[in-house]
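Each of the two blocks below gives one form of the same protein chain as structure tokens; they are labelled structure 1 and structure 2.
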Structure 1
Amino acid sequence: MYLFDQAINFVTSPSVFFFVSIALFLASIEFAHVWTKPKVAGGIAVALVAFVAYASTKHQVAETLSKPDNLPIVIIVALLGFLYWLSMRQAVVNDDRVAAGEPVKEAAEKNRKVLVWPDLVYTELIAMVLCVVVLVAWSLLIRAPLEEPANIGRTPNPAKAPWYFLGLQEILVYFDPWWAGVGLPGTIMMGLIAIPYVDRNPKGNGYYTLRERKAAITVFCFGFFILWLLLAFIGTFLRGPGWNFFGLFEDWDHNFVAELNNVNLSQIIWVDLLGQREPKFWLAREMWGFLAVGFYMGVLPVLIAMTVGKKLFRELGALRFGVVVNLALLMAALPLKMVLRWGLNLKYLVYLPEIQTNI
């Protein structure tokens, strides 16, 4: 058991956990026809429940779970796991039907219209009653949290945002606040609204399918599962005092001080690589960062349009293609920045205190 615990702590260390999760997610798309079989999925579910039961015997996990506001993240992960299976299962079944030349299940039901009373109204009634039962039971079992009275002079450690914003708080570690707190949330919102206007694939409208819109599903679920929920999960369970990382089964050590020596790109290149002093003039000092960001957001989309994205560019036209590629690059920028931080201790690519802007 000791070895198992150590293995879990290793797997849940940030860089490993992040990439294991991405690999598992991509595998779940690629091998959807395997793991969505009810027997396989059932086996996975049993194993996960057993793991959660074991994990909750650990001191720190139990401590975190005892804070009732941390429960929703566990509930949504469990529910989403089930619903992800449900949607992928139906998608796989529909894809198999299409491959066999049959219409999808929903199309077979399309022309059968049913009366909303009683078929839908009663479903809704039952759903509402169950919802009330769950809420009342939840409320009777667990009291709403109430800590000491507000005291602006005493900062708790760690001070955490509500669970649904913990992903943003996690991003704050890697990005300047103007981007993590304002730019990125705005981009996420505008990006979500843009989805129907840039996804020109007419297939998969109104039924479950994976094969007909694999790219769209992969990108959306990557953003939702990895960049939003996984980060919120990390923020809840793996971030301890001082906003330091702790393995899942490790106790939070309040005296632990992590060595922090993050450096900016200008220092890495001018001082460490070229052995010079950083130039005084800001444009010269930050030229490498400007080049990197300019290449990533300006040149790379053009290169993609000319090479791997040729077909997509033809289909979407310049405007839609530009929006898609820039949103995708911004999405990818998050894991890239995390890698740069973990690998090179990079703080900012562009550091401009002159105008209070860092990238």
Structure 2
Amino acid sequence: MYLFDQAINFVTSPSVFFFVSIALFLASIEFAHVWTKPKVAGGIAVALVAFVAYASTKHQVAETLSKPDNLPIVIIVALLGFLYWLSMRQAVVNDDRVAAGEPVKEAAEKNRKVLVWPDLVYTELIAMVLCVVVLVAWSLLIRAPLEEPANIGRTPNPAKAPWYFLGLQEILVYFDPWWAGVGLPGTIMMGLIAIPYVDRNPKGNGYYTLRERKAAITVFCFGFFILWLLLAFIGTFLRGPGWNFFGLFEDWDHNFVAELNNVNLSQIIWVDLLGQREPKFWLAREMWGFLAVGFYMGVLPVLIAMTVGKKLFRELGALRFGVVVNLALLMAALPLKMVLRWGLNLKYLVYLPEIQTNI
């Protein structure tokens, strides 16, 4: 099994694992009619359980799984995997019914009434009791993940945030702390609030479908699974001492030091390409970064509206199209910045220590 273990370590290296995950996600959208079949999904589930059982025999994986504060992310991955299959299965069934000239399944239940009392109240009561039982059992059987008081002479390595902040901690590697901790999360919240106002397509309202809303579902699920859940998984299982990357089956070496010479775009262009010293005036020094960001957020949306997004531009109008495309470009900025970091050790496109602002 040595070759298998080495293959897993290679696949879970950051530059490979991220793009393999993207490829698998896109394949799950494109071939949903295949893998959502109960027999196929059952086979995939059995294979995943077998892999988890084998991975649990590895020292580092077992130690990571045994930590009480990692239990929520494990449960979330399992539950979201099941819910993703369930929703996609219902969407595929509805798409097949529409293709055959039949109404969607939800149409048959449109006129069915459910009484608040006793149907809804009883259901909520049972759900509440079960939830309380699970929480009580959890609190009694699993040790609370509390550590000793903060000690400057004994800091944890790696120092990890709670599981629900691990995605943000991973983003901090690639963006300025203010932008990673405030700017991006705030933009995400505003984007979610804006969805009902920019997306007025009535298709998919009240019933599951994939074929009718494929682009919208792909974009939303990409942001949720790849840019949040995957980053939390990476922070939990692949980030070790010194916040260095380790393969899934690789033991964490606390003495390992990775060479990382961070550079900024101004240094790459002025020093490496042009062979000159960087100008002292900040505007001249960072003009290449400003041009890159301006092109990405200002010119690129116009080019998209004139080419591949021409139909969407006509449907949404200039204002809503601009909001949608800029939100999509901000979402795409994270994987682009990750690639630049892994490939060129690029830290910032715009580096402004004068005002403590970087991009």
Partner chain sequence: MIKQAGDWLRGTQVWKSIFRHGPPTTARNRTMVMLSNVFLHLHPVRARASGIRLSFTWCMGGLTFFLFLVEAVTGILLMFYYRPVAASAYMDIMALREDVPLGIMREIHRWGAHAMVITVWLHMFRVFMTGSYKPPREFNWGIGVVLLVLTLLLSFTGYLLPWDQLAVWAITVGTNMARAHPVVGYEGPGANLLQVNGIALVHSGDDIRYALLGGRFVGEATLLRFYVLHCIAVPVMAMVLMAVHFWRVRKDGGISGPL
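Here the rigid core means the biggest group of C-alpha atoms that line up within 1.5 Å when the two forms are laid on top of each other. Counting starts at 1 and follows the sequence of structure 1. Bear in mind the structure is a predicted one, so any value in this text is a computation, not a measurement.
- Structure 1, rather than structure 2, originates from the form predicted together with the partner chain.
- Superposition of the core reveals a Cα shift of less than 2 Å for Asn205 between the two structures.
- Here Trp138 counts as shifted, since its C-alpha moves by at least 2 Å between the two structures after the core is aligned.
- Comparing the forms between the two structures on their rigid core, the Cα displacement of Ala78 stays under 2 Å.
- Per-residue C-alpha deviation between the two structures, core superposed: Pro149, 3.3 Å.
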